[in-house]
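Only one chain is given next, in structure tokens, and it is the form predicted alone.
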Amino acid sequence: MNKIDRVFNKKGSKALVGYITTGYPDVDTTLKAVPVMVENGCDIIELGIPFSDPIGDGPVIQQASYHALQNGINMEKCFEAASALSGQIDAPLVFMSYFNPVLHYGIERFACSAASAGISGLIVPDLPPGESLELRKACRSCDIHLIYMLSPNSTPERIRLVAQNAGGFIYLVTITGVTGARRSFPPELPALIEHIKAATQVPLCAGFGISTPAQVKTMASITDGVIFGSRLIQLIDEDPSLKKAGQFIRSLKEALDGA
């Protein structure tokens, strides 16, 4: 069974998904931070593959991606980091990559290499579900879930396609725009979540703009999990010892469990 499925098969549990840019501020920090994330409550780890044009990301993750690229982080080094981490932690690892690096590397080659490195899922934010058949087949052959994204402006057709083809979990973008902390969420979000959950049995996790325990509690009450990232990267910058990062994650996990 895919490790992501094990997370959601735990009765009554909700998943805390933490994002970190691979190689930011350096690979050693990634290798230290991910176990800290798991120890303090992350159920799934999302490893961002740095890309030169991260159109879906806000300034915090854009800067982290740029810095990692400047430090020489490439696809092979991301595989190496994932392989090292998969031997240290039991939590599933998910790659987040834009499509161009995957295509350049080779779709089947990428899926095989990711599986060998211990990757359980893949998020490709700029690949429409209607154009993802080749990648989806390659991922399925390697027991990797291709995780699709939906947002408040997703069309009924896109929701239908995602509901039919999603694996692992569906990533619900809570806002229109890029990643980064927000103070509130669209009022129509609960109705959208209800509509999506009526169309599929695949778990639904909410991300983008989530950075406080109160926001986690709100989203966890109507979804199967919560995704966070930008605030974590800021805390790693502020405190390289990772103590602030650990405390922050624990506060989110307590809010999640409370929901």
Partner chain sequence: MQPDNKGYFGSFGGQYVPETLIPALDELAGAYEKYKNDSFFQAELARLNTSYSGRPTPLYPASRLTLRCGGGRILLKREDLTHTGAHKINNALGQGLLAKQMGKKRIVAETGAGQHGVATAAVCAMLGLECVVYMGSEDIKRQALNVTRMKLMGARVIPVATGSCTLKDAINEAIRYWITNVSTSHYLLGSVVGPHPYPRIVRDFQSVIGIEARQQMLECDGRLPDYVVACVGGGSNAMGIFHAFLPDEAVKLVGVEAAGKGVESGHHGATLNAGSPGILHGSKSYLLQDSNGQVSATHSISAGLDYPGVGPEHSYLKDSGRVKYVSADDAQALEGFKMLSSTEGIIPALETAHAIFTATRLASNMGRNEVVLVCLSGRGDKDMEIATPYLEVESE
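Residue numbers count along the first chain shown, from 1. Quick caveat, the model's predicted, so the values are computed rather than measured.
There is another form of the same protein, the form predicted together with the partner chain; it is not shown, and what comes next is about it.
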Within 4.5 Å, heavy atoms only: does R136 come near the partner chain in the model of the complex?
no
Do P92 and the partner chain come within 4.5 Å of each other in the model of the complex, heavy atoms counted?
no
Non-hydrogen atom contact S211 with the partner chain in the model of the complex at 4.5 angstroms:
no
Report whether the minimum heavy atom distance between L146 and the partner chain in the model of the complex is within 4.5 Å.
no
Segment assignment from 194-202, 51-59, 224-232, 30-38: heavy atom within 4.5 Å of the partner chain in the model of the complex:
51-59
The single option of G130, G87, P156, P187 touching the partner chain in the model of the complex, heavy atom within 4.5 Å
G130
Counting only heavy atoms and a 4.5 Å cut-off, does the partner chain in the model of the complex sit next to every one of L69, P125 and S151?
yes
Can you list, in sequence order, the residues from 90-128 that come within 4.5 Å of the partner chain in the model of the complex, counting heavy atoms only?
F99, N100, P101, L103, H104, P125, D126, L127, P128
